[in-house]
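What follows is a single chain, given as structure tokens, in the form predicted alone.
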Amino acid sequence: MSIDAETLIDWFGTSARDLPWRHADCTPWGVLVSEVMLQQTPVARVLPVWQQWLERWPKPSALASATQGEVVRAWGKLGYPRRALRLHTAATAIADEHGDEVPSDVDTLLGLPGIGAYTARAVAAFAYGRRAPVVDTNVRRVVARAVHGAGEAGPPSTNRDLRDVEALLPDGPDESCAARFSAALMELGALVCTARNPRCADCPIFDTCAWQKAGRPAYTGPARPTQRYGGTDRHVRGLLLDVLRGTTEPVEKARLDLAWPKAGQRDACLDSLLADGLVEQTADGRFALPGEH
């Protein structure tokens, strides 16, 4: 089974969302920033923060010159703030070791601190038009249904998933065709072939979809764990960071204690923020964002 590249790319040309990191004038740095921000964060929340970041830090060297505290504060409510520190570290390496230019090949991108398999391939494909399999949750779902006839992708397997998508990429001397196919595959999963209530009637590859041909069998594999947020350590860590983002001065422990009533969980979360480098303790025992004391 395969997916007709021309059909999918044509659909992408008329149906894709107009996102600024897809514009021809977006720099590879802009693409890299978008890819890091978009991991586990919806587009609507990323858009305003991405625009603010690119206005403030239009080049890797600009971000590298900022303090870690400035970077964490500017990350705002995107969640998973360690991504901000990883992006800052990657920007420093790009500025110092690559002439302030984001590398274009996967292997060199993988050599940057904090850049993993997905981000490296996404930047190579979407910033430079390279032929590279880009696999996220949306892509895995489309491939599971359209190619394998399964209702869901099941547990991820990096090597298997990369092989699956690699086999689907169009060949030919023009690598940009494969890059556009990768973007289209991802967009199809985000807009049409969604996890819940897929819009199959609007799907450009409906006629060849293996899941449709099999009668849309229900997924029988391992259930995905239900994710909650309220009351989790992630939630408490975010509340503690909110206190520090709201001031430019270090704060007393008593002020952080007001953020969450469960002392044991609160203190454990504060310890984890200190260990992750997202919070620092001053010599007099107060707390601040990194580099802001």
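Just so it is clear, the structure is predicted and the values come from calculations on it, not from any experiment. One rule holds for the numbers: they count along the sequence shown, beginning at 1.
One more form of this protein, predicted in complex with the DNA, exists but is not displayed; see below.
For a residue to qualify, one of its non-hydrogen atoms must sit within 4.5 Å of the DNA in the model of the complex; none of Gly149, Ser182 and Cys200 qualifies. Interface residue among Cys177, Leu162, Val106, Ala190 relative to the DNA in the model of the complex, by the heavy atom within 4.5 Å criterion: Ala190. This chain is drawn without the DNA; in the model of the complex, the residue among Thr27, Ser61, Gln68, Gln39 with a heavy atom within 4.5 Å of it is Gln39. The DNA in the model of the complex comes within 4.5 Å of a heavy atom belonging to Leu112. Using a 4.5 angstroms threshold between heavy atoms, Asp233 counts as touching the DNA in the model of the complex. Contact between Ala195 and the DNA in the model of the complex is found at the 4.5 Å heavy atom cutoff. The DNA in the model of the complex is approached by Leu239, whose closest heavy atom lies within 4.5 angstroms of it. Here the chain stands alone, but in the model of the complex its contact with the DNA, taken as any heavy atom within 4.5 Å, falls in 78-86 among 204-212, 93-101, 78-86, 164-172. Although the DNA is not shown here, in the model of the complex the stretch 17-52 places heavy atoms of Arg17, Leu19, Trp21, Arg22, Glu35, Leu38, Gln39, Gln40, Thr41, Pro42, Val43, Arg45 within 4.5 Å of it, in sequence order.
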